[in-house]
Structures are given as structure tokens and as C-alpha cells.
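This document starts with two versions of one protein chain, written out as C-alpha cells and named structure 1 and structure 2.
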Structure 1
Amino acid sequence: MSQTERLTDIGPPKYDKYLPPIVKKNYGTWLYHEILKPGVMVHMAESGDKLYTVRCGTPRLLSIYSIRDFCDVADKYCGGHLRFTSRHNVEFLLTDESKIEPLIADVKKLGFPVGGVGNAISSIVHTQGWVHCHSAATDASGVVKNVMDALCDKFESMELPGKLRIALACCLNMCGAVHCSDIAILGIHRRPPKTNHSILNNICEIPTVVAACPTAAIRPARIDGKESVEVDEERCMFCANCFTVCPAMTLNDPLNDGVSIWVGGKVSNARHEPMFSKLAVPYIENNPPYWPEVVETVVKIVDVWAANARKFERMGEWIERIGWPRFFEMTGIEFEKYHIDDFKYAGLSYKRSAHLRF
């Protein structure tokens, strides 16, 4: 077989292989899009073709039964074409406007809300949590489910002042890149790993454990006559690198692990340059299965912003306008010592943008 005839399943397929015919036809020649109603958009091409998209919210973790239901809906109304967004929404792609309402009715009958476009909350992008992550400080799917249940009306409507993006990371160091969301729910560890000295030397390579620590907090030690390691608490940043290479250094701690809340981040460059989120609530204990304290805090922040922000004003822009003291006062969040940035290199995190405004 010649090189040109070789078939392989290595790597992703060519990007345009599964595109709908209308997208292939008008690739690169789309003019604009309009929001027709919550969850429904129309995309207009130079050729005059119209592509309608219907967005519904889904959990990140889907059963095969739900995926088959989505495929059945896509086969019935969309010629089999759908796509998943980066925030775990599913979008159905139609060319026949008359099929939009029947499609929405079928999706809602399956139990999935339609919305998430325009001035609304989109689905919460999140990490793996207790389902799969070995170093999670909190759950992901459980927290997200409860928060979105409380905010679902803001997904199905477009009554918020601006876009609202929420993200969750179950610990800071492994998947903690949630700092560009209006609200970030971040799992935190507060204690260094618990070392099982009796078995460490039998199941772990001590040089590898020492080398795995990015802050040099781990050093070899002889404990109770056994070769092991010791941890300098002052240097530990709870990253779980040591646990990754050594199961005898457990970081998960049911009593001390919990959740922090951060606010004010955004990726877009509209009206204001991109912003990193800042600490709002240093610690909320894990309280599964409903996490009522986390839900109450997030809903309170969203409600205060929604009632006081100007049109199209994102969370961080609103806070910047009213000031942080006023934010804490309006939300009822207590200001604590943890809100003070006393890091010796704090200057590196100060505003250094070259963004120009006229």
C-alpha cells in the first residue's frame, strides 16, 4: 500500500469532515448573527443562506442515553448535525425555521433547558471533581448542578445586565485556570499532605518524590527508623504533585478542604481590557450533597450585580466602578485578612496593561 493510500485512526479527523453542508458552502463568508429569542440565533451568510442554532444546557458528564437522545433530535430536525460548545452546551443546527419550536419542545421534554445566549448565564465550565480527579479539594459536578439549579431562570432568559460566566475548578494548581470568569468557584486545600511513613519507602521512589515538589518543600528524612520524607509546611502550596507520584502522601482532607469564591474576571476586550478575578470569599466548607452555603453566596453575588449593574456591564466592570468596599458592603461578604495581597512579589500582579482607550 502506498503512502497516499494509507488509512490510520491516529489523530483527529480533518476539521471540515463533519461540518453541515450549509457551513461548508459558506465557510469564511458569514456576515453576522442575531439572537431571535433565548437560546436561538440566526447566522446570515453573504450568499443569503441562513443557519439557525438552538442551544440547550447540559451537564459536562453525559450518559450514553442522553447522547442518543440528542442524536435522535438532531436526526429528526437537523439532518443529524449538532455541536458541543466549550461550556458544555449542545447546539442544534437547522436551516428550516419552522422546525425550531418543535425542536425546543422535544428538548425540553427530555429535561434540558434552552437558553444561554446574549445577556444570560451560560453553562458552568468545570473540572472533574470527586468523579475522577485524584487531588480534588471539592466536587465539581455536584456543586455545578446545585448552583445551576438555582440560576436556571437566568439561563432561559436574557434579563441580566450583561453576560455571566461562571467556572469551577476543584483545586488551584491542577485545573485552577478559572480566573477569567465573572465568578470562579475554586476548591482549596489548607493543609499539607499527610505522609504515611510506614509504607512510603515501599511504594514510592524518594528521589522522585523530592524532585516532584516545585517549591522544594519535601526533603528526605528518616522517620521511626524508616527511610521517608518530611514536608516543610511553610513552603507547601498544596499542589498535589507529590501525591501524583506517591500515593503515600495523601492531600485530600475532608475536614480542611473547601471552596473559595472569586469574582470579576473576563476574557473579552469589549469596553475594558481582559481582567483577572479577585478573592471574594476565602473559605466555605464542603457540605455535600447540596453545598447550600456555596449556592447562597453565588446567588447573592449574582442578584446584587443584576440589580445594580448598568446595561452590558460585566461583573468586574461593575465592581471597578463602585469600588471593592462598596462591593463587600452590598453583598454582605465579610472582609478578612486573606483579602490583603501581602505576597512579596505582589507588584507583579498589579495593573500593567498597555490597553489604550480613546
Structure 2
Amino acid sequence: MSQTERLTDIGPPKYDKYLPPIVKKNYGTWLYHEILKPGVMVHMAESGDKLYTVRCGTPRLLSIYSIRDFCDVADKYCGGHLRFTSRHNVEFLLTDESKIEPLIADVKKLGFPVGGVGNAISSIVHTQGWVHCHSAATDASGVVKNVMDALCDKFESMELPGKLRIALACCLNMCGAVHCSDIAILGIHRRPPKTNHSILNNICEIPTVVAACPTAAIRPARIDGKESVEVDEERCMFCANCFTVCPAMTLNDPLNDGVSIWVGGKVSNARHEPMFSKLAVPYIENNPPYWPEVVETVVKIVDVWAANARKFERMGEWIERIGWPRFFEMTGIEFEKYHIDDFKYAGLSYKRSAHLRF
């Protein structure tokens, strides 16, 4: 033990500690804002003060060297102040309008695009993938990089009908809680767990493993003289909850793991209430490093929506207006058995009327 007292439970820095002076001065008295151009906003305060924001996309996975680059930009133009958004963008906060263009030039030179404001795509919220996760069914950063390379112009412009929020989670744990996104890319396992019987009972408690299964597919069993478990494979829906509580139940499988695509979710209350994303494509195999089939499908969905949605209409609102049959027809995505729900309350998702568009 060191001589000095060990500090614990001090919590994060106080919420106002790093606020820029203009924010402190005008805290809670902002009147309105305008979008000046892609990635640039101005907020007007009751005092007459104007605060300019320049928003830049990041890959979320940042080295300390890039963070220091951001710090240099903030020192040069923003009195050392910057913030991040809930979607991994970095925002530079300025008081001097004349510094906006030089700042943008510097940031672009560093390789970071400016945009993500208004009717645009924002950065993709995503998880760790093969970079750091034990249960990933796909890589996260790699898929995101490819999709954003294809959609970067829609980050840097405001030509879309409405906002477009894409998210990726590399397994059903959904650390990125992608389930309410315009487009969700979700890593999926498709092979029941391979059980390592020789170590299971040493590293896991069998009752815990059995209890972990939401469909009661796991039973205690004696295998080759060892206490272990057996899996009723027909009941397995590949949630990997057993793997989370017991590493001897492996779901990761290169032959079967892949990506599913979901559409039409949102969290904002604007216009339509928040909605879950719904299944568009049940399975696309992992095809690193470019994942071309995933990129192609996402771009197709975005293009069809962008060409047909009304002003402000989010993906889910558009689909609700045109109907699911037309969504599948227009995107060319094949509708199959897997699109029809068969988990709890599945019947609620059946078409229960004669309201059909032909």
C-alpha cells in the first residue's frame, strides 16, 4: 500500500468543469440554431452571442495521436475546447466565424470528414467486433469503414430526405443497442454451441449454464464420464447467452457467422413514435476485408429510400407509407420464411387486415 490515500468514488469531472466560457455564459439561454452548411451550425443565445459548431466524423477507434491532433486543432481555433457527440463525432466549438473555414481545412487535412448535421447520415454507432470482443460474429470497425466509405458523401452533404442513422452490433448482445436504427447491421451466429465437455464443469457452474438458456434447450448431462451439458439444437436460437455465462459453450464459427440487416427503426419522437428495426436480410456471409455484399445491400436500401421518401421521412416512416411488399419489391431483397417472426407474441407482426396495396 502506498503512503498516500487511495482515492475511490470521486466520480467524473464536474459537468461544468470543461465547458467553454461562451457556453458557461449562455448556459440554458440558447434561442435557436441554424445549419450554415454541412457539418456547421450556429447557435444563437439570448445575449446575442453566437456559438459555431463544426462536426467531424471519426472511426470511434482512435489512437491517442489522433486525439492529440484534435487537441491541437482545438487549441488553435477554439481556446482548447471540444466535445464528442453520442455518435462518436467530434465537435469543435468556435466563437469566431472567420475561423470556421481554416479549421475545416485543417481537420480535412488530418483525414476527418466534416458533416453529419441535418438531413444527412451521421457516424455509425458500433461495437468492438474482432478488435476486442469475445463473442463477435463479425468485425465491427471493418464493416463500418466499408459502409461509410460508400456513404461518406451523404455524411458531407444534406441531400437526404431525412436523418439516416445506421448502427452496427457484432452480436445479439447488442452493446450498441442497434435495434432502433434506420438501418441496423447485426452480427449473427447460426451454429448451436460447441460444448467443450472436458473443461465445462471446471470453469462453469452447470445450473447457471442450464438457467441461462431462454428456450430451455440446455440440459445437464454426463458426457464421456464428465459432468457437462447437452444442447437440444432444434431449440437453439443462437443468442449466445450460454457463452456469456460459460466460455466452454462456443458460438463463434467462421463457417456460419455473418451479418443480418434490419431497417426502419428510430428513437426520436419526431413525427412517428420510436420504432424497432425490422428484419430486411436474414444472413450475409462474412467477406472481409470489404464485405461487398453488405455494403451493396445497405447502399441499395439507402438509395431507394432517398429517391422515394418525402421530406423529413425516416426509413421506417417511408416503409410504413408504402408497405412492406413494396419495400421488398423496390429494394429487390428476397422475402423468405425467416422474415416471419416465430418468437414470443409473433402473431402481433402478422398482417391482420385487408389493407393491402397492389
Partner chain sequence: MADGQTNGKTPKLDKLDKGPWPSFVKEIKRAAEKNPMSKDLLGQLELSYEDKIGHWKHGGIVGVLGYGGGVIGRYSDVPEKFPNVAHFHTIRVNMPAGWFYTSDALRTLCDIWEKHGSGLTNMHGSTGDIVFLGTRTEQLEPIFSELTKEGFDLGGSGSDVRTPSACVGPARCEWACYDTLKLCYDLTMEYQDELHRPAFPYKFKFKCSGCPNDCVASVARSDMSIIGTWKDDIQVDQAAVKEYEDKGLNIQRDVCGNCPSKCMDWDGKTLEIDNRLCVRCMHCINAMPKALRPGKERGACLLLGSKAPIVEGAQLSSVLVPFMKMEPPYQELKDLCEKIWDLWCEEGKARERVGEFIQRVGLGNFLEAIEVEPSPYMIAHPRDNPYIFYEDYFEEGDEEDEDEDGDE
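Residue positions are counted from 1 along structure 1's sequence. Whichever C-alpha set is largest while still superposing within 1.5 Å between the two forms counts as the rigid core. Here the structure is a predicted model, which is why all the values come from computation and not from measurement.
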| item | value |
| --- | --- |
| Between structure 1 and structure 2, the form predicted alone | 1 |
| Interdomain rotation angle between the two structures - two rigid parts, degrees | 13 |
| Cα displacement of residue 215 between the two structures, core-superposed (Å) | 4.3 |
